[in-house]
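Here you get one chain, nothing else, as structure tokens; it is the form predicted on its own.
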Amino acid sequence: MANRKHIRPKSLLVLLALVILPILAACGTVDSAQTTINPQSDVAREIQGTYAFIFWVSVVVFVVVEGALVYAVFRYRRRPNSGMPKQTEGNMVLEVTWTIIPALILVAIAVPTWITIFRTDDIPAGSYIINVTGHQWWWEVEYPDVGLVTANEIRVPSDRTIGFHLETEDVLHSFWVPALFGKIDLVPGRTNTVWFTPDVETEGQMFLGQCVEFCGLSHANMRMRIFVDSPDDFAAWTAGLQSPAPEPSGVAATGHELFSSKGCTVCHSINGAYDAAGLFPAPNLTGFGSRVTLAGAIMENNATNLTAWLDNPEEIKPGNIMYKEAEAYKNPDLALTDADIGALVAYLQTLQ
């Protein structure tokens, strides 16, 4: 008996830790990079409102059910000399009640969910349209009104409702920026849509997103960023991409020549400099030097990271097409030397 009394408090502490630790691990703050509980657009706020309603309904159900369970455990626990309790073979009223109440709860949850789905379904008229195409493992971004194509980093004006037309060139992907809109799948042979209007306070901010449908070896490396620009900044950005690529000089001029001779133009385009042959889909590198990230938005865009990427892209993003198909990595005669990589880095950084 002494042994049991000694062990019981420790067992309770272990049990309490097992319950509390997963709860604490799941907790985050509203400043988390990809939180859904700090919505920054009208659509995200609609979705969060629905989540909050369902959460509080769930809390009420939990309290009632667990309260009834705890009451039953203590009220009807077995006592010394209590004998066999009265046997009950059925209770029609109770069974009907606990069937109807859950059905009503489900209806109460379903109605606001349907309302939110239909309210956020169609892109509003007059929205600024951006076409997004998913590839393994990067995002192609097209601005059809100005004829621009970029990759992984999406810039939007702060004073417009933004609509996305979403397609995929290969497998299933899923497009999601939690603070701005809900998940939407990219399905082969189908164009899906999603939209949002950024809050006024988001001007000048950046929001993280990623693919959330498993799409292969480097699924976790298929990320994106959305920048909400002021109307003037957005206009300046689009004008900059429409300008011809600057004429390189020095080491960058060597990189300019290597970009063609090493076969980069087979897949990559640069407006005003190179048009890709389109053998394999690859990001348009127009304005690459002004991008914040590279390699599917997984690395900061700087000389060190770009050098590492060109030296061994497979180590950074396993399974990528460039490493498997580019002649610079397949053909020993076209292999990149350290000097070649340095020249290419210098050239790519001039693409502002």
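Quick caveat: nothing in here was measured; it's all calculated off a predicted structure. All residue numbers refer to positions in the sequence shown, first residue = 1.
The form predicted together with a small molecule is left out here; the points below concern that form.
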Quick check: do 137, 306 and 344 each get a heavy atom within 4.5 Å of the small molecule in the model of the complex?
yes
Can any non-hydrogen atom of residue 187 be found within 4.5 angstroms of the small molecule in the model of the complex?
no
Could you confirm whether residue 152 comes within 4.5 Å of the small molecule in the model of the complex, counting heavy atoms only?
yes
Even though the partner isn't displayed, in the model of the complex is residue 37 close enough to the small molecule, meaning a heavy atom within 4.5 Å?
no
Can residue 256 be called a contact residue for the small molecule in the model of the complex at 4.5 Å between heavy atoms?
no
Quick check on this chain: which one of 208, 267, 172, 129 has a heavy atom within 4.5 Å of the small molecule in the model of the complex?
267
